[in-house]
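Quick setup: one chain, the form predicted on its own, written in structure tokens, and binding and motion questions come after.
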Amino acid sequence: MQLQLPNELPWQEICSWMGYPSHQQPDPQTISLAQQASKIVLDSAQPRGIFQRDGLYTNEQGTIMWRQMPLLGEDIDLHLKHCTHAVWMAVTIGTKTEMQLRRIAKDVALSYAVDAAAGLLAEKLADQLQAFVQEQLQQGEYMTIRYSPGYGDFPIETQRDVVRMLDTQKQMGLTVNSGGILIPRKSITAICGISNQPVKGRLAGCNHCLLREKCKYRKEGKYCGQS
């Protein structure tokens, strides 16, 4: 599925991804870097997305399953509570942006800004695909927020199952390495539960989140659900 690029990536949001607190005004040089990074990313991005819906069931061991994919962890159990179906989605901004990052690697400041802008774009593409999936729901169906491998205690290794089940390598050039990291890196997979009653899902808790030591929100005294 071809996703649409936004007209711009606001420099304020790029600066936030660079680690600037929302209450702090960046200096003009940083704003200029963010604006330059926005252009580089939007000019090089090749956005693609895919999603598939299927039923959820519990196996003999009590593990929630989506097709033949086990969904492990207490957090994902709570996230999918009351859900009978789920949608797995994947988005990527493509490989050209990463090629640009390698070209400008010696310019540390610009490289950092482009990396932040690329991450922001991936999130916006995921928002776009999630909104599209939401529009496909039938009357009386409700969908949770999205939840990705690596959040809370949901194993990042689940990425390997997602890539295989969605056939993302063939469909959109998205693969995964031995550590569960998506390639291209600026890509996202996520699951949204579907229920016949209003449901929001669960936000990842910080205490046992696999990303807690490098989370940009925790550095600001926030958590991801506030973003």
Partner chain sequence: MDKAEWLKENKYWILDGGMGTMLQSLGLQAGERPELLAITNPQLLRRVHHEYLEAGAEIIYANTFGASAHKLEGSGYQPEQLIVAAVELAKEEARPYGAKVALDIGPLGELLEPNGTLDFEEAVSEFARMVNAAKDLADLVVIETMTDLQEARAALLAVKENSTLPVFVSMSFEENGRTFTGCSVEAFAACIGGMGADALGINCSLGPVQILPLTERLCKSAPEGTKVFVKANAGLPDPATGEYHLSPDDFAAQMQPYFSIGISAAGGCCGTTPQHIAILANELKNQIPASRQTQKRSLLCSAISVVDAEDVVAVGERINPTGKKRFQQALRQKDMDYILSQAVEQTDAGAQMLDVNVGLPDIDEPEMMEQTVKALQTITEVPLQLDSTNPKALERGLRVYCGKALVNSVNGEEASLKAILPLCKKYGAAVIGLALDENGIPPTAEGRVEVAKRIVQAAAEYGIPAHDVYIDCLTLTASAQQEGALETLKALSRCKQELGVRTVLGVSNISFGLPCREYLNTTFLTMALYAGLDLAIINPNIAAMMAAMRAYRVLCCKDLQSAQYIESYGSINTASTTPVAKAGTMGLFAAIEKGLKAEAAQAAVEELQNKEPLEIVNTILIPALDAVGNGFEKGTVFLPQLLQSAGAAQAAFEYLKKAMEQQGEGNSNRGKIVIATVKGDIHDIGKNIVRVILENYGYDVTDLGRDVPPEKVVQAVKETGAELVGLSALMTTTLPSMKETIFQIRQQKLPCKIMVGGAVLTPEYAADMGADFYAKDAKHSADIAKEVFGQ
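Fair warning: this is a prediction, and the values are worked out from it, not measured in the lab. Numbering follows the first chain given and starts at 1.
Separately, the form predicted together with its partner chain exists; it is not shown, and the next lines address it.
Across the proposed site, Arg102, Met165 and Val176 without exception bring a heavy atom within 4.5 Å of its partner chain in the predicted bound form. Shown without its partner, this chain lists Met172, Ile64, Ile188, Ala45 as candidates; in the predicted bound form, only Met172 has a non-hydrogen atom within 4.5 angstroms of its partner chain. Of the heavy atoms in Ile40, none are within 4.5 Å of its partner chain in the predicted bound form. At the 4.5 Å threshold, heavy atoms of Pro21 reach its partner chain in the predicted bound form.
Proximity of Val199 to its partner chain in the predicted bound form: non-hydrogen atoms within 4.5 Å are absent; the residue sits far from the partner. Among residues of the shown chain, Thr30 is one whose heavy atoms approach its partner chain to within 4.5 Å in the predicted bound form.
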